[in-house]
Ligand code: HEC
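Next up: a single chain in structure tokens, the form predicted on its own.
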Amino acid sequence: MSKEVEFQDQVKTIYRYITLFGCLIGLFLVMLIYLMIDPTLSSFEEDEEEQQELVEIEDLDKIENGIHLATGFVQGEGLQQVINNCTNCHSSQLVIQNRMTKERWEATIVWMQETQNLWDLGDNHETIVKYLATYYAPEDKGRRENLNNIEWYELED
């Protein structure tokens, strides 16, 4: 019977090693997943005030070279009304990429009011349409200009 007891002790020892090894692998996997989620290990930092350091925000109304930096809109009369009414629901880039006539801008605003819950623009309506029709009107895009003053040469066979 002593051989059976000795065998059982060996099995228990092997079982303990396997359990310990499994726990170490599990701990390693948890650490690996944590590093993938938070690679800076910021939750282990001692000083929370450093972690919540405020980022300086540039002046949101800053305009350089005639472009409103925060939105990319062209500077002009009605800019602030467009920012206040258009960028509440969508990106300024959606406006910038569209080029429409005054009539199409009007129709788009009516469509947004009827289907997208855009509020009544009131006195700002004409100012906004005028701004959009002025700065985001269709552009004529044709062929490039003809090349001038080019010294042509003959291709040899």
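Worth saying up front: this structure is predicted, and the values here are computed from it rather than measured. Quick note: we count residues from 1 along the sequence shown, nothing fancier.
Although it is not shown, the form predicted in complex with the ligand is what the next lines describe.
Asks: Answer yes if any heavy atom of T127 is within 4.5 Å of a heavy atom of the ligand in the predicted bound form; otherwise answer no.
Replies: No, T127 sits far enough from the ligand in the predicted bound form that none of its heavy atoms falls within 4.5 Å.
Asks: With a cut-off of 4.5 Å between heavy atoms, is F28 one of the residues that contacts the ligand in the predicted bound form?
Replies: Judged by the heavy-atom cut-off of 4.5 Å, F28 is well away from the ligand in the predicted bound form.
Asks: With a 4.5 Å heavy atom cut-off, would you call C86 a contact of the ligand in the predicted bound form?
Replies: C86: yes, in contact with the ligand in the predicted bound form.
Asks: For T101, is any heavy atom within 4.5 Å of the ligand in the predicted bound form, or not?
Replies: So T101 does not count as contacting the ligand.
Asks: Would you mind checking 79 to 112 for residues with a heavy atom within 4.5 Å of the ligand in the predicted bound form?
Replies: Read in sequence order, the residues that approach the ligand (within 4.5 Å, in the predicted bound form) are N85, C86, N88, C89, H90, L94, V95, N98, M100, W105, T108, I109, W111, M112.
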